[in-house]
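Just one chain is shown here, as structure tokens, and it is the form predicted on its own.
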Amino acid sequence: MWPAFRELMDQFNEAVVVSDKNHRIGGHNTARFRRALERQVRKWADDPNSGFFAVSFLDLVRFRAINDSFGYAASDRLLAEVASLISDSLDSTDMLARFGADHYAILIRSRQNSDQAEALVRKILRNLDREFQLGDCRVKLSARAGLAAAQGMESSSDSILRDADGAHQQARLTRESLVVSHHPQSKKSIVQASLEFDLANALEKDEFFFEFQPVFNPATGRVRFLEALLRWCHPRLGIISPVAFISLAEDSGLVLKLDMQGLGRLGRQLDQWHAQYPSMVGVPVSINISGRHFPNFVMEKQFHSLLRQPSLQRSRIIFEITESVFVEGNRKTSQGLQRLRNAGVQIWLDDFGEGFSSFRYLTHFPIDGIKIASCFTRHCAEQAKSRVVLSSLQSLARGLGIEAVVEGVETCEQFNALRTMGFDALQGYYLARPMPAADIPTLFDGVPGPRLAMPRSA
């Protein structure tokens, strides 16, 4: 099973059914959509003539930019209007679920064949290709979708979801409005195979680069550390974020080379900064590292060799890893992490609270810090419950003697609430977006150029 699909399934199992044609909103078991699909699969397996069904995944183009520009309240209203428009095109036997921010899943049971299901999805996409009113502005919206139906008697709910997700990912990568899966899940799509070939070539040609997003102390406005964010400058598709290629690199066995190149690239960037800007010597830098490495000590040795570079030795290097590393973690994983810490690397748990969320990881494994997931930040300004959770995580980190960063700070209200709560490390678009390496030195003392002014309290 693809890692990206496992992540999608984690989100999917937590999904809230937002609507069906009868407009039953919320209040249902979060697995309702999947149970309905499983019932349909069992019914179809018993009798292939029982009725056609298909699954479509859909997301909104440039929703993040809209969210950043207009804020959560306006975005929530937009998402509600989108759900209503989709629901208006569905029949009573269809089902619509929303998961994540702007992702939707549709179980189509009202059509007779794939062509009719495709026509329905294209109708939905046309309805969403329009302007929406957000405050005093009108914004143009569009969507992308993937569609899949059962492929043979061996089909399962997982395989249909995976085919729909694969088609959706192809639509995102190729920028088509709709991709229909016509292949059994055991076969790689042409687009996926092509992208895997491109990734291997990209590693040979070093088509990757870093942007850096700072983490700030909200009281002083000073940079606590920098996070290195990998980007792929694809010759045809343009700039691609790690979301689109990390799982592909893991599946194809290229992720070790990708991360090794990343550490080497980071070392060269630090050499350049340290030579030109002495005030940046010793600034901590974090980098996301695939959890695939840690169970394998042979791979870890190669990291140790890179970590002996003088530039990496002078900076406090932080490895950000996800909770999935620890799900099947064992003594070997713990020992490998401890050896990295002994070599001077700090180990931070990224997106804490968003995935498996087991506190035992903090006691059973060597962890130096956590990055609290942005899902806790979203409503911290107006919801007391969100602040209670954040305060509890803050107390937990302090009690364990580890550091904590709050991610996803996107409004002045969130910033002020978190600063009032006493958090001393914040990150998010409200403070600074990911920046080119050339712009980073201007954040530090003694370096000429524009300074980043911290927001005022409300």
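Only a predicted model underlies this, so the values are computations on that prediction, with no experimental measurement involved. Don't overthink the numbering: it's just position in the shown sequence, from 1.
There is another form of this protein, the form predicted in complex with a small molecule, and it is not shown here; the text below is about that form.
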Query raised in the report: If you check 94, 165, 227, 118 against the small molecule in the predicted bound form, which one has a heavy atom within 4.5 Å?
Result: 227
Requested in this report: Can you check 207 to 215, 141 to 149, 303 to 311, 339 to 347 and let me know which stretch has heavy atoms within 4.5 Å of the small molecule in the predicted bound form?
Outcome: 207 to 215
**Report entry** Non-hydrogen atom within 4.5 Å of the small molecule in the predicted bound form for each of 392, 417 and 426
**Finding:** no
Query raised in the report: Closest heavy atom of residue 320 to the small molecule in the predicted bound form, within 4.5 Å or not?
Result: yes
Query raised in the report: Does the small molecule get within 4.5 angstroms of any non-hydrogen atom of residue 242 in the predicted bound form?
Result: yes
Requested in this report: Please run the contact check for residue 434 against the small molecule in the predicted bound form: heavy atoms, 4.5 angstroms, yes or no?
Outcome: yes
Query raised in the report: Wondering, does residue 58 line up within 4.5 Å of the small molecule in the predicted bound form on heavy atoms?
Result: no
